[in-house]
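A single chain, nothing else alongside it, follows as structure tokens in the form predicted alone.
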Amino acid sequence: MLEALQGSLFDNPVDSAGAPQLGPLRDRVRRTALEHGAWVDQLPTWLAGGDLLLEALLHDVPWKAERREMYERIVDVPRLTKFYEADEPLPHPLLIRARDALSEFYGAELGEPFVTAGLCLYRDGADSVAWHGDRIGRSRNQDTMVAILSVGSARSLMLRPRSPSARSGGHSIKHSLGHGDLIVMGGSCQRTWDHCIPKTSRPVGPRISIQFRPRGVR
């Protein structure tokens, strides 16, 4: 079964200077309960004026190309990355506002603030990330949240149960993350589900994924 979740075509108004603006979270976030205690929150076009943020991040972030061992050989990681630790200044004030807004909105449920920001740059449709869960650190055996703000070209984010037996029926969820969309994976999602950004043959421009996490979660 393939379930498609489409983003809204509407946007939040920008200010008179055209600066990036975040919309409200309360009464707009839509939660979908998944199996095994996992859930996903979605808010299309949480960010307006995202073109300016995308341009700034493309130029100001010290993007890093990584290489890793896979199938007994060293290969290029098909995306560029930059991880901002809890005490490291973020590259744009909008990211600070987004992190603080998410911490305030989810604070009572999460029990702690979001403190780190991991950025991934998907340069075109050939860039991707394989099936995985953010299970480094406390998220390996504890429920947590990972909030993702997407800017740039729309890309599909796929989710499927981690257990091979649970996904034997072909159950997966597809969400098209558009420009300025927010998705939050919570509960047991990182432990019991995997997610990926697949390659695409469609002509697409760059997309930046901004992942906010609490301390000790990667």
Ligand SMILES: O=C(O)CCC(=O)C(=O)O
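Because the structure is a prediction, the values reported are computed rather than measured. Note that residue numbering begins at 1 and tracks the sequence as displayed.
We do not show the form predicted together with this ligand, though everything after this point is about it.
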* Asked: Can you say which of 84-92, 100-108, 119-127, 136-144 gets within 4.5 Å of this ligand in the predicted bound form, counting heavy atoms only?
  -> 119-127
* To do: Determine whether any heavy atom of residue 157 comes within 4.5 Å of a heavy atom of this ligand in the predicted bound form, and answer yes or no.
  => yes
* Find out whether any non-hydrogen atom of residue 148 is located within 4.5 angstroms of this ligand in the predicted bound form, and reply yes or no. => yes
* For the heavy atom contacts within 4.5 Å of this ligand in the predicted bound form, list the residues of 184-209 involved, in sequence order. => 195, 197, 207, 209
